[in-house]
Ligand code: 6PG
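One chain is shown next in structure tokens, namely the form predicted alone.
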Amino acid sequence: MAHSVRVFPTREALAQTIAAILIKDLDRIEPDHFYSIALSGGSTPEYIFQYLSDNYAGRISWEKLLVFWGDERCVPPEDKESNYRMAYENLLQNVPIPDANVFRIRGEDDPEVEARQYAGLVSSMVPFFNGIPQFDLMFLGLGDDGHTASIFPDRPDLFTTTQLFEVAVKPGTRQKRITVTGKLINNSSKIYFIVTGKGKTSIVAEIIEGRSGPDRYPAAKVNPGSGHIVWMLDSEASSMLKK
């Protein structure tokens, strides 16, 4: 897997770098053009969203963003488990991004129907590369079982399906989710894996150092054709990497 690894002493330093990346990328966008981004859920993105809201509301060209999600739980947008709600409360409602630029996954609708509709929406809004939509930037997280987005270890087919979004079920809870598939993930222009804390240090090391094949962890199947994948880790998450 072609990748680079960046290690930050704190979550704050990581969030500052995300802000700098967005400022730089958006400043390069020509007038009347947009930058497509796919958000992820989780506690670390929640911290980053809040940090951007508190410190960069007036310093980033938010109006140039087209905001999508990589996955969503099949719950209404006001539900406490909604990825949309988390992003909205911690970031979107606090920055000058037009409502028309935000495209949530409708977790309250029929999952199979919404997966198809969201794939169509992305296809209509995001420029194509290699015959399919290409996000400018996709944020991904890492679960303690090695899942990413809502692609869990029992669904390796979600990296080979021809669909752009599909319905997944979280093992254990059996909660339905709508998730981006490997086809769309690996066509992204840039992918940032954001992982913090001690809980996933072993999996991080196994995947980055190639000690565990892609058959074990879905996150190990992330390998964009662009080759631009960056692991953004805090010192705890990187602690088992070989120096």
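In case it trips you up, residue 1 is the first one in the sequence shown, and so on. The model shown is predicted, which means the values in this text are computed figures rather than measured ones.
What comes next is about the form predicted together with the ligand, which is not displayed.
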Exactly one stretch in 144-152, 159-167, 110-118, 128-136 has heavy atoms within 4.5 Å of the ligand in the predicted bound form; which is it? 144-152
With the ligand left out of view, which of 44, 36, 181, 187 would have a heavy atom within 4.5 Å of it in the predicted bound form? 44
Pull the contact list for 166-193: residues with a heavy atom within 4.5 Å of the ligand in the predicted bound form, in sequence order. 177
